[in-house]
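To begin, one chain is listed below as structure tokens, in the form predicted alone.
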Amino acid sequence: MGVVVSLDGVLLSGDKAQVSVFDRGFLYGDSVYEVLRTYQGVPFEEDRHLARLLASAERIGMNLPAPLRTLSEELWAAHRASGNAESYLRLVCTRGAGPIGLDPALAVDPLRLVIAQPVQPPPPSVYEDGASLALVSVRKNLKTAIDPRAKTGNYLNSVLAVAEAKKRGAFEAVLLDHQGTVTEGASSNVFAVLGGTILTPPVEVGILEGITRTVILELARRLNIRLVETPISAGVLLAAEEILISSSIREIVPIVKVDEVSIGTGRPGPVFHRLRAEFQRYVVDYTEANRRPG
């Protein structure tokens, strides 16, 4: 197992891959990206991730450096070349390099890369015993400043949020907006369960429309669990019977503590267990339907 990088379609070991110091992704975070993981060697929800990558690029006025079909082929090739049983796949497209300056027109030679490395999900204890959140002081960027629906390399507020959460011993950070409304985790979406109903912030409050979040919405409907997309205050979050977070690598994680407040019984609850079991069935079905020869 190891780390392989596909750089503009050329497969390299991680220590051989090089990007120009003048690349705008490095200088300004002027890039878009997606993170996927494989199951049985199949990149999960690949089509949705690639569609979101294209939408992100369009939102920042950037042309992708290759067609989606080419990017798909490079995802698969990087995983297979890595020799990993399962891979974490990070697909990055930058506007390119050029003279130093903020003007996007200075960019030439747009760049694409895929990093394939062994996937490292949380330990089983996280799913068995639950994890903790910190309501951090870092606020979510205003949606009128940087469109949160675009998954870009500009991630400093999430970096600072995670640093604060880790300093407080928490598994993940939750960011509020300037009005104190719950938005999302530093790298996850947030769900609260009240009266058996799942509440989750709508995209309109200024969040990334997570791929795993979308799958959870679909699975909740399949299970006839009532789900409402609605703004959530910090008070509502703390009063929840269950809290869940979701992301591509961590899947669905039960939260049993927020700051010093115990959530529900202090153990993963029934909605989590139902959703996780259904998610695992969905992964099996998806994998079987999307295998490729070779």
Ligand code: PLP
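Note that residue numbering begins at 1 and tracks the sequence as displayed. No experiment lies behind these values; they were computed from the predicted model shown.
Below, we refer to the form predicted together with the ligand, which is not included among the displayed structures.
Chemist: Does at least one non-hydrogen atom of Ala186 fall within 4.5 angstroms of the ligand in the predicted bound form?
Modeler: Judged by the heavy-atom cut-off of 4.5 Å, Ala186 is in contact with the ligand in the predicted bound form.
Chemist: Thr212: heavy atom within 4.5 Å of the ligand in the predicted bound form?
Modeler: Although the ligand is absent here, Thr212 would touch it in the predicted bound form, with heavy atoms inside 4.5 Å.
Chemist: Verify the contact flag for Lys257: yes if a non-hydrogen atom of it lies within 4.5 Å of a non-hydrogen atom of the ligand in the predicted bound form, no if not.
Modeler: Looking in the predicted bound form, residue contacts with the ligand do not include Lys257, since no heavy atom lies within 4.5 Å.
Chemist: Please tell me whether any heavy atom belonging to Thr38 falls inside 4.5 Å of a heavy atom of the ligand, as the geometry stands in the predicted bound form.
Modeler: Result no; Thr38 lies far from the ligand in the predicted bound form.
Chemist: Going by heavy atoms within 4.5 Å, which of 151-159, 75-83, 196-204, 106-114 lines up against the ligand in the predicted bound form?
Modeler: After filtering at 4.5 Å, what remains is 151-159.
Chemist: Tell me, out of Leu208, Ala220, Leu176, Leu71, which residue has a non-hydrogen atom within 4.5 angstroms of the ligand in the predicted bound form.
Modeler: None of the others qualify; the residue that does is Leu208.
Chemist: Suppose contact means any heavy atom within 4.5 Å; which members of 224-258 contact the ligand in the predicted bound form?
Modeler: Counting only heavy atoms within 4.5 Å of the ligand in the predicted bound form, the contacting residues of 224-258 are Ser246, Ser247, Ser248.
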